[in-house]
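Below sits a lone chain in structure tokens, taken as the form predicted alone.
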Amino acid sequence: MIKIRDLKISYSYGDAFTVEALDLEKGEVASIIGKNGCGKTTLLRTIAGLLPYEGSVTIDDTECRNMNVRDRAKKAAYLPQLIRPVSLDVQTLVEHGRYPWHGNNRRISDEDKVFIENALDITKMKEFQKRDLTELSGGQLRRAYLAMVIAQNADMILLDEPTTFMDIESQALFYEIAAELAAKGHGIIMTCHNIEQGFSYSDRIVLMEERCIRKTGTPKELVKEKKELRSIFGAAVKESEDKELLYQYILTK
């Protein structure tokens, strides 16, 4: 579980990012939703231990700033939005996900192989495992990096705009994967700019605006906050019973 209390992050241009209190649980998919520039990525990178902060960010009751890199990586895996193809095959990339558990000086164990194979299977990347990353499409590349993160087997998985460059079929697969991982006890925390997707596939929503959190709750709770949603996004959301729609929640005026 991740607990944030009295968080403050200072920017060089003077404005501050603040979070009074936020709890993010294992076993659920949580989407951080807000306009570009509102602080979604800053919040995620802080939890991942990549930014200095005031206040408290704990993972399983241990202060994030007090963890070394490997111990923190065992607790929380982070996948940034911007990833680049390098000259590396998919199999080797996914093996990198096991680094926090054995470092540079240990060969891949049988236990590691189980996590690696599972990650390739769940992301449907096994057929590409010998393919160089530079030969993959944008969506395949993101699935390869997602497989690496899954192989890491951290309790909490932090994903910044994970469906970027994915086609509709790959996006649907991603949300299936997220639900499966949550059902197995992982906490999935992702930033999302697509309101319909966020509401339709998440257990918890975190609404952000101007570097602070406005509301948190389940989709069914926040769908009622139409005035708040219109204020933030210029549109509200409603739940639909039409089974032919791609998303359960759709945008309204």
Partner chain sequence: MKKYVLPTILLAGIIIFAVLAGNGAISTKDIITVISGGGSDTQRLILYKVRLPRIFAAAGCGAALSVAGFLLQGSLDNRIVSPGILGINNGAGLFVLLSALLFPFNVGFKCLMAFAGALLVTVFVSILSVKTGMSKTSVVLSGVAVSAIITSVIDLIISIKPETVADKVAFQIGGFANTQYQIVIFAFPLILIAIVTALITAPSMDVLKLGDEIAHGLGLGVKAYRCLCVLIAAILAGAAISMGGLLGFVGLIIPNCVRMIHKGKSRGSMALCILYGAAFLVLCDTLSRVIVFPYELPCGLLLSVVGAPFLIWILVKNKKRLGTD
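These numbers were taken from a predicted model, which means no experiment stands behind them. Numbering follows the first chain given and starts at 1.
Quick note: we don't show the form predicted together with its partner chain, though the next part is all about it.
Answer yes if any heavy atom of G139 is within 4.5 Å of a heavy atom of its partner chain in the predicted bound form; otherwise answer no. The answer is no: G139 has no heavy atom within 4.5 Å of its partner chain.
Is T123 part of the interface with its partner chain in the predicted bound form - any heavy atom within 4.5 Å? T123: no contact with its partner chain in the predicted bound form.
Heavy atom to heavy atom, is A73 within 4.5 Å of its partner chain in the predicted bound form? Within the cut-off, so yes.
Whether P162 contacts its partner chain in the predicted bound form should be assessed with a 4.5 Å heavy atom distance threshold; does it? No.
Within 4.5 angstroms, counting heavy atoms, which one of the listed stretches 179-187, 113-121, 165-173, 87-95 is next to its partner chain in the predicted bound form? It is 87-95 that comes within 4.5 Å of the partner.
Just give me the single entry in A48, V223, V57, I213 that has a non-hydrogen atom within 4.5 angstroms of its partner chain in the predicted bound form. Looking at the other structure, the residue within range turns out to be A48.
Identify whether its partner chain in the predicted bound form is within 4.5 Å of every residue in the set Y201, G217 and Y249, based on non-hydrogen atoms. No, because Y201, G217 and Y249 lack any heavy atom that approaches its partner chain to within 4.5 Å in the predicted bound form.
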